[in-house]
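This document starts with one chain, in the form predicted alone, laid out as structure tokens.
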Amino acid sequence: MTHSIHPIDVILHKRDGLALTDAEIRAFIHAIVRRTPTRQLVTDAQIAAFLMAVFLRGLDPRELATLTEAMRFSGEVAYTEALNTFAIDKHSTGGVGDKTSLLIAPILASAGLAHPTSEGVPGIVVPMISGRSLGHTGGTLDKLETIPGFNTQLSFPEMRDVLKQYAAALIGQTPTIVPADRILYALRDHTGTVESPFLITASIMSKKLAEGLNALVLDVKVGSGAFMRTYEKSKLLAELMVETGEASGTRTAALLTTMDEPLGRFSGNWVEVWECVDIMKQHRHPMSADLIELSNILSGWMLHLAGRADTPEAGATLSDEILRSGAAYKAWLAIVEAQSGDITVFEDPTTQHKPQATRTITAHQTGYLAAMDCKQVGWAVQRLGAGRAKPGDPVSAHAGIEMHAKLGDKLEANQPIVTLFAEDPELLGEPEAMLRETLQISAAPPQFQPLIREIITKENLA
């Protein structure tokens, strides 16, 4: 904190509803990441007060853009522009069975490798920084780390080396990537400020923009399994992220997508890898249809923004062609091997699925699968051992669920609806009760929300 800007003044200004200057925001973030145990430029109490002031007062577009920028440059950045390619990524706000990254990265990598810079078309690279499971939502890193040897902790120079050869890399946030976010996030969890759309935007966008992106596609969940509690709050978050991305010079689009049931066939860790590998190997299970559709739609937007398709719809068609051709699977194997993963486990993914206990819930009557609280389904998956209640908790590679029916499916009495997997039989009881409570069967088919509810771009921002 510079001698002319004191943390208490920044807190008081925001508490009183004043707009913070760029200098105030940058100085506050600088003080957060430069403090040491013997030199507290700003205290935890002051950071907590700042977070609560932002939670209560919000941020205007300039303040939010400056906060995101200050966090983005609080540590090392990727400088992917040195690769002379078009860098693009996808981010999801989190859901149940949400494994689209495992398909999208190899799809886009395949498209990038098919049109190298030597042909006059900018190559595509996908520098994907992913997160871990928390609460009812799954985490891409936990899924990837069920692959023996897979290294998610690449440095940015190591990531660029993988990108140069294979066009995609899937890594986690290291201590040197956006360190300001680590500090703020830890205190948000303790101060009741986690749900602030402004703080969520700064957290997500600072990490994504640190990748040096030309474009970003956002998958913002709505529905019973979404992190944001209402459609309006999800839409506000989408608008804030698009506005912030565009302010940074990164082309940004957000799709509001329905999360009223688990996406695809499996929810867990290894089982989700298995599902995606099956799809890339042309084993398209009917329960994976929505996963394939959403992955193609998101990839289609990415291919469109990267100049590979005239429209997002044409991009989605190209994405499915890449999936069906086997090119995505070839790219997947190359990426995994480049990050030290053992690709032999994909020869028969079923051999890696080793739960010690299973249980199947069946329909108690004939009718239609009418509704479920998808968040409760996610918590059931977490209780089975596949997720964590707080950062640092261990997760099981083998725990999870397999859905045998989708919303609207006609069920006969005693027909399987969901199978539970756990490493300990004693872990089955509570999740079973949670699932039995939330899975509803009715005599009439339910009304559905479309998979894509709304699309937010700079052209239609309010």
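The first residue of the shown sequence is 1; numbering continues from there. Remember, predicted model here, so these are calculated numbers, not experimental data.
Absent from the display: the form predicted together with another copy of the chain. The rest refers to it.
A.B. asks: If the cut-off is 4.5 angstroms on heavy atoms, which of these, H30, H404, H398, R57, is the one near another copy of the chain in the predicted complex?
C.D. replies: Flagged contact: R57.
A.B. asks: So which of E195, E81, E337, E313 reaches within 4.5 angstroms of another copy of the chain in the predicted complex, heavy atom to heavy atom?
C.D. replies: None of the others qualify; the residue that does is E195.
A.B. asks: Of these, 249-257, 154-162, 198-206, 181-189, which stretch puts a heavy atom within 4.5 angstroms of another copy of the chain in the predicted complex?
C.D. replies: This holds for exactly one stretch, 181-189.
A.B. asks: Answer with yes or no whether A433 is in contact with another copy of the chain in the predicted complex, where contact means some heavy atom within 4.5 Å.
C.D. replies: So A433 does not count as contacting another copy of the chain.
A.B. asks: I'd like to know if L461 sits close to another copy of the chain in the predicted complex, meaning any non-hydrogen atom pair within 4.5 angstroms.
C.D. replies: Residue-level check for L461: no, no contact with another copy of the chain.
A.B. asks: Counting only non-hydrogen atoms and a 4.5 angstroms cut-off, does L12 reach another copy of the chain in the predicted complex?
C.D. replies: Judged by the heavy-atom cut-off of 4.5 Å, L12 is in contact with another copy of the chain in the predicted complex.
A.B. asks: Residue-level contact is defined here as any heavy atom of the residue lying within 4.5 Å of another copy of the chain in the predicted complex; does Q415 satisfy this criterion?
C.D. replies: Result no; Q415 lies far from another copy of the chain in the predicted complex.
A.B. asks: From first to last in sequence, which residues of 38-56 have any non-hydrogen atom within 4.5 angstroms of another copy of the chain in the predicted complex?
C.D. replies: Heavy-atom contacts within 4.5 Å come from T43, D44, A45, Q46, A48, A49, M52, A53, F55, L56.
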